[in-house]
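Consider the single chain below, provided in structure tokens and representing the form predicted alone.
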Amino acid sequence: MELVNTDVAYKFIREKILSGVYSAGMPLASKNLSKEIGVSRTPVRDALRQLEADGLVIIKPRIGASVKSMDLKEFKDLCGLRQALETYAAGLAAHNRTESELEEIHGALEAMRVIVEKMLKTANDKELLGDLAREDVRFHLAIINVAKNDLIKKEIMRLSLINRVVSNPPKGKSTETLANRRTVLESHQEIFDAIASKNVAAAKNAMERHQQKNLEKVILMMGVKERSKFHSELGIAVKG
């Protein structure tokens, strides 16, 4: 029964973290969580240890558990590792891909294109943003699958989840303009074209450029967050 409850607690806490309800740095008290989930503290503690192994939670002696957070340097290091792995995976995908696997990558790319075009015609694009994010994940996951390296896939997925948690923007707020989304779509097209032509070097270069642009954008956002937090602690108003 405890094993079942641990699984329930794990899924509950993980979903709250990934959805942004439990934000980066938020304390995770087992007493409060056990009441919220409806299980005893033991399975909650076991679930938190599992989430620590996943990289989504930090547990410190005498302090307790909290949602994973990073300073700017740690985040840059994480993104650098992910960039290196995804760049290598793109090269493997260009070398390994079959026509049917290429179709899966292309399907995600075309779905992204349709969504971006829809965004041209609507002012309220919250739902479309979610759809675009899902297709973006599908695109990258398809490439990782085509790379056919299970160790790389596992590590990229782990790093992607941590990235998502520590860089999660405020709910309901977009960090991109429509022009930015078009640029991102173009970079996805470059990656696809290189993989389609089985050009390993071009696929790696296109993925590296794409990840570098993403890194720069998120680091800029995190830099604003750090300045805001610092100013808040000092009681200084933050200027835009």
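Treat the numbers as computed from the prediction; the structure is a model and nothing was measured. The first residue of the shown sequence is 1; numbering continues from there.
Although not depicted, the form predicted together with the DNA is the subject of the following passage.
Student: Is there any non-hydrogen atom of Ala29 lying within 4.5 Å of the DNA in the predicted complex?
Tutor: Within the cut-off, so yes.
Student: Is there any non-hydrogen atom of Ile63 lying within 4.5 Å of the DNA in the predicted complex?
Tutor: Yes, Ile63 is a contact residue.
Student: Decide whether Val184 counts as a contact residue for the DNA in the predicted complex under a heavy atom distance cut-off of 4.5 Å.
Tutor: The answer is no: Val184 has no heavy atom within 4.5 Å of the DNA.
Student: Determine whether any heavy atom of Arg45 comes within 4.5 Å of a heavy atom of the DNA in the predicted complex, and answer yes or no.
Tutor: Looking in the predicted complex, residue contacts with the DNA include Arg45, since a heavy atom lies within 4.5 Å.
Student: Exactly one residue in Gln212, Asn199, Asn180, Ser40 has a non-hydrogen atom within 4.5 Å of the DNA in the predicted complex; which is it?
Tutor: In short, Ser40.
Student: Quick one: find which of 32 to 40, 202 to 210, 187 to 195, 50 to 58 has residues within 4.5 Å of the DNA in the predicted complex by heavy atom distance.
Tutor: It is 32 to 40 that comes within 4.5 Å of the partner.
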